[in-house]
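Shown next as structure tokens: one chain only, the form predicted on its own.
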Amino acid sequence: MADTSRVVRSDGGRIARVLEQDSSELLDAWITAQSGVLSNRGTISATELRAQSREFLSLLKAATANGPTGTGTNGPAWDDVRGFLADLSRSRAVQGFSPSETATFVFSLKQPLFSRLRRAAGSDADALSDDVWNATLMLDELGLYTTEVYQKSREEVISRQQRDMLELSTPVIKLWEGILALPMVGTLDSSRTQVAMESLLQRIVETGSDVAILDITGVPTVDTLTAQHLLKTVNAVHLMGAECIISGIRPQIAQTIVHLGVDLEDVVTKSSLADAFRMALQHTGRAVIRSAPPANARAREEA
């Protein structure tokens, strides 16, 4: 297999001269080529597109003018070009462009650049062949690089959104001074439990709470894995010096836990959140006392 890295950089000088001498004409032709693909995108203005294209051509000219490096577009001479494309790919991923639309920023430069290389080569067919081949390899590498960065950026965005959704689905509520509650709704998995545990422990530190209630009323089923997740959370709360109560233990869940042989003997459990809250108040030295009925209620009773 041929060493394409060496070929890409073997004759960058001629490409650099075309980028220098025909920069204005090349920029206009390239903008036209891009506009045909991005015409339906409203997230980037013509002014912004032109500025990005001009900057890229300037960086590309500097990189190709630095001579052969033997490392393709991965060498130090290409750091600024790759850095620019990385920033552009991330921004377009956020703006909603597709991977192909993002890569088109680079690939659409081929036809305008090839036309000017053909004109510069004149009747020298060998020079034209070498220049077009080198330019093709160069732009292909850079175009694929934009796709790689775009994909990583999208994965980061999706991962961040998933984590945000997990945090929103596991809110830590302050019920009273020193008492927190974490209502769990839906199926519990490792990722969700980890986020819930981190949020709960952080809130315990922030509020100095003595009691944390894990309410699983909204958890449809409890299997061995779910029970293990709950036990890990309880143990983590205990390590923080706080008491942990699990509420929402319905008869079906209690039977399932017994059937699975999960040991919850050292875990305080209650059937409802109200019962757990009452116990938490007692643990903190408080109690709920019924006050005298309001005046209108007494009037109705007397009537």
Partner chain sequence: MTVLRCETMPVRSQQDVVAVRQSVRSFAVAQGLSLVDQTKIVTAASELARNTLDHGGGGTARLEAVSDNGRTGVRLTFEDRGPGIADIARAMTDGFTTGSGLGLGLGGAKRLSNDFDLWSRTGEGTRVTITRWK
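Superpose the two forms; the largest set of C-alphas matching within 1.5 Å is the rigid core. Computed from a prediction, not measured in an experiment: that's the story for all the values here. Residue numbers count along the first chain shown, from 1.
Only in words, not in the display: the form predicted together with its partner chain, which the text now covers.
Using a 4.5 Å cut-off to its partner chain in the predicted bound form, each of Arg90, Glu148 and Glu198 places a heavy atom inside that distance. Of the candidate stretches 149-157, 104-112, 182-190, 213-221, only 149-157 has residues with heavy atoms within 4.5 Å of its partner chain in the predicted bound form. Residue contact check for Gln194: one or more of its heavy atoms lie within 4.5 Å of its partner chain in the predicted bound form.
Interface membership of Asp79, defined by any non-hydrogen atom within 4.5 Å of its partner chain in the predicted bound form, is confirmed. With the core held fixed between this form and the one not shown, Arg92 has its Cα displaced by under 2 Å. Comparing the forms between this form and the one not shown, the C-alpha position of Ala236 differs by 2 angstroms or more, with the core used for superposition.
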